[in-house]
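Next up: a single chain in structure tokens, the form predicted alone.
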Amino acid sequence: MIAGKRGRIILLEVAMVIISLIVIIPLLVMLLGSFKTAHEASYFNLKLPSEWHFDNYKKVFEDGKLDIALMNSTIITVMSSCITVISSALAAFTISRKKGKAYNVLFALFSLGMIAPFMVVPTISLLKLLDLSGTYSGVILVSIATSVPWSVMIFTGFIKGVPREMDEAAIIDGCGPYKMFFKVILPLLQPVLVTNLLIITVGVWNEFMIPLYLFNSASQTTMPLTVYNFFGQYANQWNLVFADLVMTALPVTLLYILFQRYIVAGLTSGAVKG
């Protein structure tokens, strides 16, 4: 029996190594290709560059105007993520603590938002009606709308695990609803709050479709859209495309590495309390 268990563990480890290689190999091809010549990068292999071309990054940064794209992505990501997290936490607190069919229906509507696709034509029509077409505010609001359903579900599951006795104690101490939320509930949400914030940040930063359809000016290009532009402009120069991909992925990759432990802790605590 021990031998059988050992064999299953080895098979599982082999499977995990193979799955890891499926992810790691393309990343290495991209990273090495970003330092190669256009001819070398076109082979998509794992060979080291004959000569390391660090100037590929300089060319991509200058020609692709990544400074503007970086600023646009930062504005959209920070605003969308912060507003999504705070509004979702407040909504989840209300849904979790209030009783009645109206709140169950509200939670069901948020849940439906997780499977509703991004409808381009109705969204553009609505933004034109609100005079938000082609604006940062319009893109930020749509990004928030697509992120809120998942965020509300995560927060609701966590808050339902917080004992109601804590609410009663806060009320006895003279707390109103908002003071109770910010003084009592919000500090307890820290693990799932950080997890939510990081996942939403990565999602909004990498979002491609929403800025593509809703922005209509080159000055509003975001980091993922620069990849699209470079692919069209330098279709035969994969070294520049790879360099642009690396620079686009680098900020969120560093953010994920720095706060990875909070993501695991938040998901685990949310699962236990939910």
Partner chain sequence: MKSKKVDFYPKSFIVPAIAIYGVFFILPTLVGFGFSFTNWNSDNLTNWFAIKYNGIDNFKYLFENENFNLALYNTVFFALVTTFLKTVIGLLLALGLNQPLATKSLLRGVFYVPNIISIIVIGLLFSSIFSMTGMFNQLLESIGLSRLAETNWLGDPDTAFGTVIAMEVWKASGFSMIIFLAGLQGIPRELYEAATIDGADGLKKFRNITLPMLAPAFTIAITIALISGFKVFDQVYVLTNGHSDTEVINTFIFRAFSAEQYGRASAMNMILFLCIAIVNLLVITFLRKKEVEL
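Predicted, not measured: the structure shown is a model, and the values here were computed from it. Residue numbers count along the first chain shown, from 1. For clarity, a rigid core is taken as the largest C-alpha set superposing within 1.5 Å between two forms.
Here the subject shifts to the form predicted together with the partner chain, a form of this protein not shown in this document.
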property	result
Answer option from Leu130, Met71, Ala169, Val78, heavy atom within 4.5 Å of the partner chain in the predicted complex	Leu130
Contact flag, Ile83 vs the partner chain in the predicted complex, heavy atom cut 4.5 Å	yes
Non-hydrogen atom contact Tyr256 with the partner chain in the predicted complex at 4.5 angstroms	yes
is_contact(Gly176, the partner chain) in the predicted complex, heavy atom dist at most 4.5 Å	yes
Contact test in the predicted complex: Thr146 vs the partner chain, heavy atoms, 4.5 Å	yes
Every residue of Val120, Arg164 and Val227 near the partner chain in the predicted complex, heavy atom within 4.5 Å	yes
Within 4 to 26, the residues that have a heavy atom no more than 4.5 Å from the partner chain in the predicted complex	Ile9, Leu12, Glu13, Met16, Val17, Ile19, Ser20, Ile22, Val23, Ile24, Ile25, Pro26
Core fit, then Ile86 C-alpha moves 2 Å or more between the shown form and the other one	no
Core-aligned C-alpha movement of Ile171 between the shown form and the other one reaching 2 Å	yes
